[in-house]
Each structure stands twice: as C-alpha cells, then as structure tokens.
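As a starting point, one isolated chain is supplied in structure tokens, in the form predicted on its own.
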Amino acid sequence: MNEKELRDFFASIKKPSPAAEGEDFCFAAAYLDHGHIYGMTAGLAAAGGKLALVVDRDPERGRALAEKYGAKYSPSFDDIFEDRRIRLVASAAIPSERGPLGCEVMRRGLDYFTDKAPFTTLAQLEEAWRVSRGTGRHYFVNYSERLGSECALLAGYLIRAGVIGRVVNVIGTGPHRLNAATRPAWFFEREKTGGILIDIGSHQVEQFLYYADCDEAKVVSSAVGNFSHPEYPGFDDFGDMRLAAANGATGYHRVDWFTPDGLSTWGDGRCFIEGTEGFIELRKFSDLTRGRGDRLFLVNGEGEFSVDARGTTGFPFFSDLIRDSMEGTDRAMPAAHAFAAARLSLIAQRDAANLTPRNEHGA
C-alpha cells in the first residue's frame, strides 16, 4: 500500500455503532476490586448497554459507580438474578475469584465479562470451559491492551489486509508503574494474582496469538523474578517468555513493574510485528517526548509511514460483545482464542525459571 491507498483503507474502516438502546441490554457490575471495571462499564455503556445494578463488598465504592450511571447498589450478589432484565455480569474481582465467579454466573443463566487475567489456575480454566460449553453462555475477557488501543486494533486490520505479508515474529513489551502505596494487599499475594505472566502477561499472549492468527502455540521458555521488592516475597516484578505458534510464528514478550515516575503515563507499552513483506511498530500509550501514544509506524515495499491512529477504528469489541450476548454469536472474541491466551499465560507462569537474585547469605 502506498500513502493514498493507506488513506483510502483507513477511510473504509467502519466505525462501531451502539448495539442496543434503552433497556435492550441491561448488565450488572459485580466486585470492583480492580480499576479496569470502570473502563469495562464505560465501554458497555457507550455501546448501548445499561448498567442496572452494582454489587460490591465496599458500599461506598459500589454506590459511587451506581450513582454515576443511575443504577441501583446492592451488597448481595443474589440480587443480580432477581432482576430479569440483566443479561450479563461484568466483574473485576480479585483474580483468583474470577473463574469461580464466572462459573456461577453462567450456571445461573447469564453471560460473564471478566477483567484479565481470567484465571489463576489451569483447573479454573478447565472448569470454566466445561461450564461455558455445557450452558451455552459466554465467558468474555477484557484484554484491554489490544482492545482498548486504536493503534493495536488498526495493526490487526492492516495485517488481515496483507499489508506486511505473513507475520513471522511479534515482540511485545508491557511495562507498568507499580504505585505500591495505592495497591491493595491482595495485589502482592501470588495465590490471589497467580503471578506476573498470568496477570499482565496475559495481554501479551493474547496479542501474539491475534497478530500471528493462530490459537495453537507453545511456551518455549519463560522466567520471572523479584529484583527490587524483597518486602513482597511472593511478588514478581519482572517476567518474560518466548512463544511459538503452530504456524511457525514466534514471539518474545517482557512485562515488568519498573516504569519510572518520569514517564507521562503508566507504561510505555510497545509492540513490534515482523512480516514477510514489511513491519509495524506500535507505541500504544506513549510516544516518548512527543506526546500521547496511539502511534503506528509501518514500513513496507512502498515506503515508511507514521500514523496517528486516534479516530481510525473506534472500539468495536463492546458493541460486538453486546450483539454476541443478545444473538448467541461469537464475533467480539472467539472463546477458543480467549481461553488459549489464558492457557498459555498459565503455563508460562507455571514453568517459569526464577531469576530472583540471591542475597549474600544465599537465601
């Protein structure tokens, strides 16, 4: 594609439209333990969903979200199932609770939309897959580092259009700012989060599978470590992994909690996608020293291109999710893909080498 063809291609991308209105699609938000619930709620509302009920253990936190959207608050999870309007439960519970909560939701006849990581053990994943298949209910996952970034979405459109040929390698980095003082105690407990490759690493696995267009893959190697936070002995502040897809594509992915205070945002997330006929670089959240992110760089046989991705794609996942829930379709994110990303991140964490430095006493 040359510059004109790129402009025409961008203009041809159909922006998402609301999938419902009024009370066509009512949903509940349950357990607001991670801040991603606010983006999940906003995305569903922008796509035409109506927040009907908020359930949370913290009444102040729950009532604040309910008031913002004109919803009701209840401390009782069972109240969700008393409201026959509600079709779906969105949740950002403590990670170790997400899988069991989703199974309960699906068994009781509703669809489920969870923050990543969707599971902390392989046993939870297997049970959720079994319940989803048995009930016919959806288990949606909020892999927001791709779904909430227009440059990441635009890269997918360009790859599917063949602009860089066949994808052969993906390198992803997902650094985050720790902000330890604002984190709840569970954040530093491995049994609650599963570990760094399960938590923020799941974003990287999902992107690799999506760009490589293959849900069959294996973990070649993985490692985790606690380099700078000995006060949290069950915590990983660094992790990386190498992946190989069944179609031959390979990936390397690094995640960490070392974002310095001088960075203007929470993390300098990047992605490099190598194809047989060109490559793409994504600067999702920051373009260092030059303002905000959502910047895509493309190099192919026609030249070098820098693209401000803001306004190019919108965020179709939420409208597609609502339509899937209402119509029984599977367009927002196929379940096999969401579960494959979770499975690989769980295996990477399970099999990871421990890089934590030993102190002078050998401990």
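Position 1 is the first residue in the sequence shown; the rest follow in order. Here the structure is a predicted model, which means the values were calculated and not measured.
The form predicted together with a further copy of the same chain exists for this protein as well; it is not shown, and the discussion that follows is about that form.
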Ala45 within 4.5 Å of a further copy of the same chain in the predicted complex, heavy atoms | no
Does Glu231 reach a further copy of the same chain in the predicted complex if we count a contact as any heavy atom within 4.5 Å?
-> no
Please run the contact check for Asn169 against a further copy of the same chain in the predicted complex: heavy atoms, 4.5 angstroms, yes or no?
-> yes
Is there a heavy atom of Phe305 no more than 4.5 Å from a heavy atom of a further copy of the same chain in the predicted complex?
-> yes
Given a further copy of the same chain in the predicted complex, answer whether the residues Val220, Asp240 and Leu263 all have a heavy atom inside 4.5 Å of it.
-> yes
As a check of understanding, the residue in Gly248, Pro75, Pro184, Gly134 with any heavy atom within 4.5 Å of a further copy of the same chain in the predicted complex should be identified as Gly248
As a check of understanding, the residue in Arg107, Arg160, Arg290, Arg130 with any heavy atom within 4.5 Å of a further copy of the same chain in the predicted complex should be identified as Arg290
If we take heavy atoms and a 4.5 Å cut-off, which stretch out of 199-207, 118-126, 220-228, 147-155 is in contact with a further copy of the same chain in the predicted complex?
-> 220-228
Can you tell me which bits of 108-144 touch a further copy of the same chain in the predicted complex, meaning any heavy atom within 4.5 Å?
-> none
